[in-house]
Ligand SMILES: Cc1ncc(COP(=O)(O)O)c(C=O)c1O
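Okay, here we've got a single chain as structure tokens, the form predicted on its own, with questions on binding and movement later.
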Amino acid sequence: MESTNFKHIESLCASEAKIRLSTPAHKIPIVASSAFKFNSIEEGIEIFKNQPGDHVYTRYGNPTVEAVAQKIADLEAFGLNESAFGLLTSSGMAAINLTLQTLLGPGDKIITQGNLYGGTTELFLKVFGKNQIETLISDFNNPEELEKLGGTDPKQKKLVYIETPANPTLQCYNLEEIGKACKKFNYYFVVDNTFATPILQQPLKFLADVVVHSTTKYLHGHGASTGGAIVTTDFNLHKRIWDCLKLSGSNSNPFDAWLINIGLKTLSIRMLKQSEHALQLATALELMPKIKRVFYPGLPSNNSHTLASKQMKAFGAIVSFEVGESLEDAIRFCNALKHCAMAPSLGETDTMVLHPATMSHLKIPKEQRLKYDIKDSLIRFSIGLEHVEDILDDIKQALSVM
């Protein structure tokens, strides 16, 4: 027995238990090891020389984390006839930060939209702004404007960052036109695909250089894991981002990756069903007198409907709408909800409610919010898997107090 190799019992306590894997596990295991051992120093030297590659340390790479990252990359590239490469990060914001930190430097430009997630806007202005990287707001409905915003300095790198559907107004932007414009002007093209997921939309098909996700949302879908993902078809770019991830310590961990993988198994079913519920709910909300305006690209009345019908397989599971006229009306409505949960996230199996003006977009100047229809009366609903009638009943009873 192994214990006969030791003279003292404390040595046996400190040693690693020996695992026997006679047949492969049906589910990927959680490889909860911070370090990986080498058979010889020569092997270790060779592995360290050829990174990323074989495993040395979980910050560099981990079998569980890498397997799930590659599965997300395969989903984004499905049907593309091209390989994609994935990385998992500690959060969606880490995924955005790592990508832009890798691609841009002082004097470069970010060209983005005005109706972006508030945290992303803050990142661009407060963090990248300190590094002399300028953020410019573009009208993405006019791709030719990109050339004007980019300027004429050939040494200056430009990166177009887009979120479609946008958070929280669900405005959609033409990925095909923007992708072609970025190639024409030699700009990087990065797309946040969190709201749509690869089930409904695949930006790599529209020439995106990088796709980012908050896996915390739909990819995991159950509210028990925090993470982000970065996907690209450019292996050299993948290695550059990995190098930044390794050195910044923004990596995911085996347990979160394992949880994300469990969520991915039902991603297609959840996205299509929750999108179906959202369309039913949005259609009903349009008929309610106390609802001033409904934002959902699945509605024929929505200005993004034609575009969304073309580039998305369904319209997503987020519905935003204006309640009454004021902040007080919005607060009264939210406080009256009994079933739908007030929570600062989205993409889970139950319906979640957020008030953008006082939560996700609190730090965005009011004049900018209003310019992009993010009013004090706007409410964002992440529609879950409950029966639509139960969600509607909760909304109706909340409206009755107004």
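Quick note: we count residues from 1 along the sequence shown, nothing fancier. Note that the structure is predicted; figures quoted are calculated from it, not measured.
This next part talks about the form predicted together with this ligand, which is not shown.
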Residue 93: heavy atom within 4.5 Å of this ligand in the predicted bound form? yes
Should residue 201 be counted as a contact of this ligand in the predicted bound form, where contact means heavy atoms within 4.5 Å? no
Exercise: residue 214 in contact with this ligand in the predicted bound form, heavy atom 4.5 Å: yes
Residue contact check: residue 195 to this ligand in the predicted bound form, 4.5 Å heavy atom: yes
Exactly one of 167, 251, 97, 275 has a non-hydrogen atom within 4.5 Å of this ligand in the predicted bound form; which residue is it? 167
In the predicted bound form, the residue from 163, 256, 76, 209 that sits within 4.5 Å of this ligand by heavy atoms: 163
Segment assignment from 104-112, 231-239, 124-132, 186-194: heavy atom within 4.5 Å of this ligand in the predicted bound form: 186-194
